[in-house]
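Quick setup: one chain, the form predicted alone, written in structure tokens, and binding and motion questions come after.
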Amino acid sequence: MSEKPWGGRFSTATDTLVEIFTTSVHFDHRLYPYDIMGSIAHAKMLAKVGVLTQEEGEQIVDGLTALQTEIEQNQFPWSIALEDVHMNIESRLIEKIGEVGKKLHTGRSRNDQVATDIRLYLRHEIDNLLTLINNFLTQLLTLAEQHATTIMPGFTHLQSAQPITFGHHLLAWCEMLVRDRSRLQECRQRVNICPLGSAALAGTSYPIDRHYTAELLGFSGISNNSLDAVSDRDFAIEFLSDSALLMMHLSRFSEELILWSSPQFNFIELDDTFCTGSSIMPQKKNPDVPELVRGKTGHIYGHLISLLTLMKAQPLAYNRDNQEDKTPLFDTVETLNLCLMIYTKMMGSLRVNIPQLYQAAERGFTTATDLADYLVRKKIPFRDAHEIVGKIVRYCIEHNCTLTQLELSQFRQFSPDIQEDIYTILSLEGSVQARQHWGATAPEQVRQSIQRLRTLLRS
């Protein structure tokens, strides 16, 4: 039983099947840099308050630093018998520096240790994700600026609605990502709280300095209740919730890219490097990347539900159930990283079929609302104007023509207030240019929004 750090109370060895069932080192070993970081801060704090001598503290810090190098060089002997990353590192430390290594765990528990590790890990990953979101936003803003005047149909119910610019459409995606960015920034604030010093659940009787430990680890503050600190996973659930929203947005982007790249739309073309072919149909070019992003969204939703379910019936304080919090977290981080990186590259090589977008905007009577607004400016109540334009559209459908193909005399059959200037109003360019207010689709407004978002990214 000497191999188990907690084995003194036990008279028989752990069943082999139980050992396999309870081990987590095969997935939590990736927490090693944060476990070592936390242990170094803890050792320095113990030396500062006199629980360890300065020499003992330095021995432990040097030993932990050497272990990190050993792990990074793939020379570390991970053991499932030692259950997790924490016990593997502590046991190896004792092997390397002797009895003084046994003093490292003074004043702490694996409960507050793992809570600290996860927070350090998630803080780092949120910072990385924020960089990736900024990169993606930068790419979208570049594309939006290139297409600030490119006209396309805007849709509601996937039916042609009104003319907009392609740049304006891309900025809608940007606004979603800006909200995702903001949520992650707020989540980081709640992640960045230090639970170390809470020990198993009640705190410790040693004269520890929790503020000093938190300062060494770059935390903005310390937890206020030891029971809550070791069992809290709200911050992880919040991160998964934010991640689910981010993936939902990427899935919406994907749906549009899939539709737009089809021959029926032919709005865009994805570069060959982001597509695959068919095993039987040689003409096919499949948008597999956005399809897989759309599919992976379901995994992230599942991870959120998994962690909510994991926590829903746990009594205070720590329970071994919480070991299962890591795989959903790790997979979510990996998925988001990959999706954001590949989307940034894919949008950088996107080819936009400008003539096709324009032709599509000409179909579907997309300037009908402009005609109604024109009549309102002629002092016709909007509901009456709406009915008049509806009749004009029906007439065009019956005669297989567009609004701009009607003669002025034909317009005047429905309203004598319609004058020659109607053709300027009904042009796609006129329609887009008329939306001259903050947040609208006019090219000048699109460029202003781009500038605003670029300023935000620099802040």
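Fair warning: this is a prediction, and the values are worked out from it, not measured in the lab. Start at 1 with the first residue shown and count on from there.
The same protein also exists as the form predicted in complex with ligand ARG; that form is not shown, yet it is the one meant from here on.
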Per-stretch contact check against ligand ARG in the model of the complex, the hit in 377 to 385, 244 to 252, 189 to 197, 315 to 323 (non-hydrogen atom, 4.5 angstroms): 315 to 323
Contact residue in the model of the complex, chosen from Ser261, Ser226, Asn134, Asn111 - any heavy atom within 4.5 Å of ligand ARG: Asn111
Listed residue that, although ligand ARG is not shown, lies within 4.5 Å of it in the model of the complex (heavy atoms), from His86, Arg119, His168, His303: His86
4.5 angstroms heavy atom contact with ligand ARG in the model of the complex for Ser24: yes
Non-hydrogen atom contact Asp28 with ligand ARG in the model of the complex at 4.5 angstroms: yes
